[in-house]
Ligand SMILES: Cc1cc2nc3c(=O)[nH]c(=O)nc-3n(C[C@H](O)[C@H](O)[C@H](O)COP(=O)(O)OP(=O)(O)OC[C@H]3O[C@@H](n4cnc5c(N)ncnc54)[C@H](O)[C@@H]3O)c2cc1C
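One chain is shown next in structure tokens, namely the form predicted alone.
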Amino acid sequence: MSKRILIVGTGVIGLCTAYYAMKRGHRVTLMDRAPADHSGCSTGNAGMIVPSHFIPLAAPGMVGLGLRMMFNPESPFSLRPRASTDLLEWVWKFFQACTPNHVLRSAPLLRDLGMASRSCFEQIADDASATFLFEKRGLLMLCKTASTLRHESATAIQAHKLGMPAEILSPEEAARLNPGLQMRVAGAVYFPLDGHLCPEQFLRSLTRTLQRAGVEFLWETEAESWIHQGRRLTAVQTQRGVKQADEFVIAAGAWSPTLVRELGLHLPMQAGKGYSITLPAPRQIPCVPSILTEARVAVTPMGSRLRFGGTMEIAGHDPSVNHSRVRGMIRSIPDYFPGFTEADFRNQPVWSGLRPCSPDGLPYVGRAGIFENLSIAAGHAMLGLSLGPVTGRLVTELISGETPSISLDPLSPNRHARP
């Protein structure tokens, strides 16, 4: 049965949900507080599709690593202390989640989500209206030191146990995957099932497909309050009037907790700011995307351009650029790729975006609170692009009255509900 679906948020999660809902014959409206330029968190990310990222952000050792990095102004991680009960709660829940048991439970789920989303990308790319390229060249985890290579090799062994291929490579073997690119590494782990794309092209392609199919876009339209009767939402009040629907989906990234607070829904989440710089005419272009493991920098070829992205800065909803963090990212690149210099990045624009981070490293996907027609799709942290399509498919299954093809119980938006 066709339903009226209102989706708040036009990032990758919102667009993918609209895509699958439209394919099911639902009447879809997308609403966003931002203008129609796709300048949010989805646009400037590294563009990586990574089933290999099956270990959640909350994992053993992350607290100690974060503390060691926190006071270095150029490190890949920082947490700005501030008087916030939400921040204190998030930090405490993150600390509690950093256990081996949490990783053991979460890894198979993240693997299943990642592999299903990879298949979704292939299907969307085969759509006759698609105008983006999904490239399946894998991912290299480049390691400067032998100790880091041993750690990444343990992840490769874990990947094999989960049925995911991974190869431990010598420096020479890694270099053969990137002919003509100078590298200075101790070795690498290669995940052949990973892929990449240009996120801007993907978002534009989806938007055009949806517009041609009659999906309504309400740009610069902010949700001000909710209207409900009993356990059902009936409408959302905006500055442009009341918008009614049969089903409501919140996919507003780091702003999602604020949107649902008046409904009594508690979504612990922090905005993790990241940066990227895209060189329009780089000295060298790798064939295979990579992550500079110790530096926490992602490197992705995008046609004739090359994007470098990184950092995780927990600093509220502040979108400003911390140039010390960017400088640290830039300084690390020649350590791995000696063909590049810091001067290559001079005067290049820096993009920043806010990743929505849950405290346990798992997204919030599913029915929310007491409202039977409200779904949440947010909190994907660094996996928003990678898990966007499968999230959209699962939410569409849910609002279509079907049993989701992957259990959403571990992702419940109610899992951190206050008593």
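Numbering starts at 1 and follows the sequence shown. If you're wondering where the values come from, they're calculated on a predicted model, not measured in any experiment.
Another form, the form predicted together with the named molecule, is not on view; read the next lines as being about it.
Quick one: does A251 come within 4.5 Å of the named molecule in the predicted complex, counting heavy atoms only? Output for A251 is yes: heavy atoms within 4.5 Å of the named molecule.
In the predicted complex, does R393 come within 4.5 Å of the named molecule, counting heavy atoms only? Contact with the named molecule, no.
Can you work out whether A18 and the named molecule are in contact in the predicted complex, taking contact to mean some heavy atom pair no more than 4.5 Å apart? A18: no contact with the named molecule in the predicted complex.
Please check if T221 has a heavy atom lying within 4.5 Å of any heavy atom of the named molecule in the predicted complex. Yes, contact at 4.5 Å.
Out of A58, V28, M31, I376, which one falls within 4.5 Å of the named molecule in the predicted complex, going by heavy atoms? In short, M31.
Could you work out which of L259, A116, A166, L87 is the residue within 4.5 angstroms of the named molecule in the predicted complex, going by heavy atoms? Selected option: L259.
Where does the named molecule sit in the predicted complex: which of 122 to 130, 273 to 281, 92 to 100, 158 to 166, heavy atoms within 4.5 Å? Going by heavy atoms within 4.5 Å, the stretch is 273 to 281.
In the predicted complex, which residues of 44 to 68 put a heavy atom within 4.5 Å of the named molecule? Contacting residues: N45, A46, G47, M48.
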